[in-house]
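Given next, in structure tokens, is a single chain: the form predicted on its own.
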Amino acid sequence: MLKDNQTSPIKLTRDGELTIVEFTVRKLLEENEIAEMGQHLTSYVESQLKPKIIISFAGVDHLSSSALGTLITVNYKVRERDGQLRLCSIDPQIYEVFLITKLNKLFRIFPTMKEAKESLEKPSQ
């Protein structure tokens, strides 16, 4: 059920040729929010030639398996478009889930936004 004044679960900000994705919710558990996040990110990725995206998890303290599945899909779409995706600022408890599921091997994860940005600035050959 949508609440009054429901905002998107994510906010996209352009920083040069880089796009920063931040979550506007602390808990990414609701199916409708996860579906909306997936639609926004997929539409954005598909509109870019070589997307460079950093997804910041600052402030997120709960993440469902459905949200992880959406991130995996977005990651594949970014790769299909010869883009780069980085994750950063993941809470230690959430990072545990990435370790257990071995998703830390699929995603490039950085402790800070600064480190994630620096990893994108280098040309990928």
Partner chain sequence: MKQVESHRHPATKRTAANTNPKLWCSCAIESDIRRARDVEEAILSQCHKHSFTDRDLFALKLAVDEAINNAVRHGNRSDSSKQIHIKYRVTPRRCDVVIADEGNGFNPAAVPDPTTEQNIEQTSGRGLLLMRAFMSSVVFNETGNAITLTKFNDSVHRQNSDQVAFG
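Numbering follows the first chain given and starts at 1. As the structure is a computational prediction, the values presented were derived from the model and not from experiment.
Although it is not shown, the form predicted in complex with its partner chain is what the next lines describe.
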{"property": "In the predicted bound form, Asp61 touching its partner chain (heavy atom, 4.5 Å)", "result": "yes"}
{"property": "Any non-hydrogen atom of Tyr44 within 4.5 angstroms of its partner chain in the predicted bound form", "result": "no"}
{"property": "Interface membership of Gln48, its partner chain in the predicted bound form, 4.5 Å heavy atom rule", "result": "no"}
{"property": "In the predicted bound form, Arg79 touching its partner chain (heavy atom, 4.5 Å)", "result": "yes"}
{"property": "Heavy atom distance at most 4.5 Å to its partner chain in the predicted bound form, all of Lys11, Ala35 and Gln39", "result": "no"}
{"property": "Contacting member of Leu18, Val25, Met113, Leu106, with respect to its partner chain in the predicted bound form [4.5 Å, heavy atom]", "result": "Leu106"}
{"property": "Residues in 13-34 close to its partner chain in the predicted bound form, defined by a heavy atom within 4.5 Å, in order", "result": "Lys27, Leu29, Glu30, Glu31"}
